[in-house]
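The chain that follows stands alone, in the form predicted alone, written as structure tokens.
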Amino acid sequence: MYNTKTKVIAAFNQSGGAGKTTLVHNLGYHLAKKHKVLLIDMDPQASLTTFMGVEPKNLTENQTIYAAITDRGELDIWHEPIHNMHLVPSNSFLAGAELELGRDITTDSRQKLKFTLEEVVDKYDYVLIDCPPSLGYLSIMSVIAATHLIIPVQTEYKCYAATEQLLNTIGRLKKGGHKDLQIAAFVPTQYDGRTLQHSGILEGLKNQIENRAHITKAIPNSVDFPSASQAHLPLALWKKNHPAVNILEEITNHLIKLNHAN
């Protein structure tokens, strides 16, 4: 692991629509109020980059994480903080990285992101990684670079049903050499307590991960999340009195209190 107390937290779930990007964007903002925070966009769709107000199509490959993990250039951190957060952007260049790195037989290319972050990690208190919505090479690379995982789970059956597979994947990675990896929390997302389906799935999720990991309060479903993202703002800057803001602050405090991997 890194020779630092920096917490490298990957938002990981192989299911799409779980809310990984929204969680990284908002938790990054709350952490950055008092800490030095770096966000890494590891998704070729570049949603985090877009949410931060950076236009992916205007970026050269050297301005994205793609250059660093394919040895085309140095790690390029966006030239100025955005809402006190530093950003390594992404764009569609990253889509070809999985095939390219999968052909690399000279080094363990799954550790490329970890090696890249070793150069800068001690400058930050938190590094948050937005993983792609798949169990591909980029996601595995992100998990290997992480000290902790935060796992958003949409309170819909499809996402909930994939949770056991996700836990098995994490178990295999720990047995495969990443024994210090910790699950920081499961975060139920897009929750509507008025529906029996969501209430039942939330209860099922709590039972499923009981004694295996921490589960936070559920983040409610709200049109204000996409509205804030479209405005390139964290929810707290879009609507500071939104009930989800307090939940995000509670999750942030939980991350701050986490023990670091030994």
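A residue's number is simply how far along the shown sequence it sits, counting from 1. Just so we're clear, the structure is a prediction, and the values are computed from it rather than from any experiment.
Although not depicted, the form predicted together with a small molecule is the subject of the following passage.
Shown alone, this chain has one stretch from 201 to 209, 219 to 227, 58 to 66, 28 to 36 that lies within 4.5 Å of the small molecule in the model of the complex by heavy atoms: 219 to 227. Although the partner is absent from this view, N91 stays clear of the small molecule in the model of the complex, with no non-hydrogen atom inside 4.5 angstroms. Taking the partner from the other structure, the small molecule in the model of the complex has a heavy atom within 4.5 Å of a heavy atom of S15. Not displayed here, the small molecule is approached by T21 to within 4.5 Å at the level of heavy atoms in the model of the complex. Mapping the unseen interface onto this chain, Q45 counts among the residues with a heavy atom inside 4.5 Å of the small molecule in the model of the complex.
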